[in-house]
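Given as structure tokens, the chain that follows is alone and in the form predicted alone.
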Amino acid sequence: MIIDPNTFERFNAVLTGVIVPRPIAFVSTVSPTGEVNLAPYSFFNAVSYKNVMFSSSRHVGNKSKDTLRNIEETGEFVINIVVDPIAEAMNKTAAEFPEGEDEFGIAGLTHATSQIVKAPRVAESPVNIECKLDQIVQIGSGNHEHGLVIGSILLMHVSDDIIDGHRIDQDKLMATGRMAGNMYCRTNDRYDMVRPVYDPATGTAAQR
């Protein structure tokens, strides 16, 4: 099957069904007047060793997205990593609530004070990344406009019980992955592959 994204009905379902699993950014922000917002985004990843990015739609119905607006107005945000113990709480915040609603309370999650930015961290998440806005890249227009948010990492909070030196214990992290539709996945089924090293003497690459 050849699929044209401009004509294929519900192409978004196909796209999100093949780019899997996706990590989830649980983004906390605060407005200039102090209203806190918390929302999940699965178009999320690291783009360098000091930068992260996620994409947000500009509008939902006749309402602008609080997360994107707050970041534009304050230049700050926190990415909280979604893990299995808080996955259901995260899902509760996915609804489009009225402006000014604090999703922390709706999800039963706790505000934790950030060290640099004003937006609170999710205390129940084992990893919180304080970020400063680097740039927002506009994608699309009109009803299909998105903002690609690129942030510089200012500080990372990591729970002591999931880190040993510079290694994260994946069994203890229990990161949650986003699949298609209503599907999510756990990341406890893993395997190792050693990266090969090229040997100029033989012209081949082998695992060492």
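From 1 onward, residues are counted along the sequence shown. This is a predicted model, so every value here is computed, not measured.
We do not show the form predicted in complex with a small molecule, though everything after this point is about it.
- Residue-level contacts in the model of the complex: of L109, M90, V83, V117, one residue has a heavy atom within 4.5 Å of the small molecule, and it is M90.
- Between the small molecule and the residues S152, S57, S31, S159, the one pair within 4.5 Å by heavy atoms in the model of the complex involves S57.
- With the partner omitted here, the stretch from 73 to 81, 132 to 140, 109 to 117, 91 to 99 that lies within 4.5 Å of the small molecule by heavy atoms in the model of the complex is 91 to 99.
- At least one heavy atom of A39 is located within 4.5 Å of the small molecule in the model of the complex.
- Contact between K172 and the small molecule in the model of the complex is not found at the 4.5 Å heavy atom cutoff.
- When contacts are judged by a 4.5 Å heavy atom cut-off, K50 does not count as touching the small molecule in the model of the complex.
- The small molecule in the model of the complex comes within 4.5 Å of a heavy atom belonging to K63.
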